[in-house]
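There is one chain below, alone, in structure tokens, taken in the form predicted on its own.
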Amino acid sequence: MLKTIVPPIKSQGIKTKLVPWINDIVLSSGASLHCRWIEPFFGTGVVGLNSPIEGSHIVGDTNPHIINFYRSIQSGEITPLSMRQYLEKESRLLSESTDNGYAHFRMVRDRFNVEHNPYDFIFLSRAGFNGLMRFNRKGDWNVPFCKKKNRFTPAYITKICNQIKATSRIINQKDWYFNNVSFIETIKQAEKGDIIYCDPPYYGRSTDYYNGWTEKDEIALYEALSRTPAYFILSTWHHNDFRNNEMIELLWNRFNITTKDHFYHNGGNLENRHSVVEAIVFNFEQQERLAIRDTNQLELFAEI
């Protein structure tokens, strides 16, 4: 198996360690590897960027900054070199700023909230507290500064630039379409044979989603996925040491569900730093398949 591609956007609850598990379920769906990948909650992009599907990718998110960032990579506006030059400059200004860099962080934050520059978006996602991506009701960045000295070391900047390089290679190899629309609009585009992957905010847990997430949203998602002719896979949480996800019993139990223990190392409160039983909900009978991934592609070579 290839190493999982980690995207340049950092956010709480990223699915990096769960990608192999999700991909195993994708491969067991019976969908063609040349079908379309539909992703209504793109977020950091880690699942979509590592998808085994070879067809076009139609992704959406209501957070305009995420979509703007990926479009900027796709268009060539953001390159590994341009990001390196930007981060080296901002790192220097951060180290020269008063209050251990807080003054410069505030300046970048205020600039971003006016100009919405995708470079500043990456800076804030990396310089903010605990990997959070949070916005206030006005849509302004609302995450406190992480007071870690030498935040943007040369090695750290190189790591981000390498992530941009890998991301650029993926989204320019296939047909990728990035849309700043609601999840309903993205799901409506799905047809029979497509794969929909949904990673919505986890209902009942602290979330940094751009527009928040309510019971009404969860029900709307359930109704949309219940009607779709496509295969769908939904990531959610099943339970933790404190409580159960009531939406499993209320909505999702009519579909197939598989679970896995997962530990989140970051979170805004103690509850979100404990082990969580992750759930994947899907609307198909799994098929046993044997798959090999070489350096260029994931190749299905036998069906058991």
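Start at 1 and count along the sequence shown; that's the residue number. Bear in mind the structure is a predicted one, so any value in this text is a computation, not a measurement.
Only in words, not in the display: the form predicted in complex with a small molecule, which the text now covers.
The candidate stretches are 275-283, 25-33, 249-257, 41-49, and the one lying within 4.5 Å of the small molecule in the predicted bound form by heavy atoms is 41-49. For the chain shown alone, Trp213 is a contact residue for the small molecule in the predicted bound form, at least one non-hydrogen atom being within 4.5 angstroms. Although the partner is absent here, Asp120 sits far enough away that none of its heavy atoms falls within 4.5 Å of the small molecule in the predicted bound form. Remark: Pro200 counts among the residues lining the small molecule in the predicted bound form, judged by a heavy atom distance of 4.5 Å or less.
Not displayed here, the small molecule is kept clear of Val59 by more than 4.5 Å at the level of heavy atoms in the predicted bound form.
For the candidate set Val181, Ala103, Leu93, Cys146, a heavy atom within 4.5 Å of the small molecule in the predicted bound form is found for exactly one residue, namely Val181.
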